[in-house]
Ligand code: LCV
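In the form predicted on its own, a lone chain appears below as structure tokens.
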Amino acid sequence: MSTTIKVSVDDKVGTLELDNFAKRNALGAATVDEMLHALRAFERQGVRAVVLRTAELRDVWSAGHDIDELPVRGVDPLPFADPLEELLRAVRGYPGAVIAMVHGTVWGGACDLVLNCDLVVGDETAAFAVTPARLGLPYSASGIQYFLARLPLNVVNELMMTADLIPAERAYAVGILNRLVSGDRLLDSTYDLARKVRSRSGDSIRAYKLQATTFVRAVALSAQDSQWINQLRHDVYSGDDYAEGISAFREKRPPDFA
């Protein structure tokens, strides 16, 4: 039985609710595993649109990757087999629309999760931050590729280099949000959109989405470039900044990246 999410289906519209507020809906391995099982169940049931939301509307939508589960210095913190990376691939590969409904702040890996959804509806409290620069963490190459496909370069630069929150109005202006609505309209607007998608051709949407995600990944790298990227990331997660960033987070103090 699920303990950190809630799952329901109504007329081929599925709802997946994050419900682990004791940890600010952090995307730890257990929660991610539950979400993956839910998405697989939705696919078996022919769910055509999935709403990803929180069980309650609180200040934080999700704190992102569970920092307590990140490895120590010298080990890649975001390998291909990382549970969150698997979840991102599952969302991109889901054969229907995945719609994020956002109230509150979205941090780190949760921002990546929202941006991997097909559509995003948020209210005036929605704000987004990508936080590896706060931790000295090298972001995954696939994650950077997807961000660059999803947003303008200057916006990705701002997210990655400042690690500051981008508030709702600017998030809408730069394309993070498809729709920005008032808080009292968030629920209705999201499910109106989900029902509209559900009413369209499922075969057409599936074919479109699988082609689109393939095109996004269609960047050819030489073996030399791939090796260089791997070495670049290795140097960061084996370095002093990553060790300091993780220690500072766990000790609840500002990091000193001297």
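One-based numbering along the sequence shown. Bear in mind the structure is a predicted one, so any value in this text is a computation, not a measurement.
Below, we turn to the form predicted together with the named molecule, even though it does not appear here.
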{"property": "The single option of 127, 187, 88, 137 touching the named molecule in the predicted bound form, heavy atom within 4.5 Å", "result": "137"}
{"property": "Contacting member of 166, 98, 177, 78, with respect to the named molecule in the predicted bound form [4.5 Å, heavy atom]", "result": "78"}
{"property": "Site test, 14, 55 and 191 vs the named molecule in the predicted bound form, non-hydrogen atom cutoff 4.5 Å", "result": "no"}
{"property": "Among 177-185, 119-127, 106-114, 148-156, the region lying within 4.5 Å of the named molecule in the predicted bound form by heavy atom distance", "result": "106-114"}
{"property": "Close approach of residue 237 to the named molecule in the predicted bound form, 4.5 Å, heavy atom", "result": "no"}
{"property": "Residue 65 within 4.5 Å of the named molecule in the predicted bound form, heavy atoms", "result": "yes"}
{"property": "Residue 132 within 4.5 Å of the named molecule in the predicted bound form, heavy atoms", "result": "yes"}
{"property": "Residue contact check: residue 253 to the named molecule in the predicted bound form, 4.5 Å heavy atom", "result": "no"}
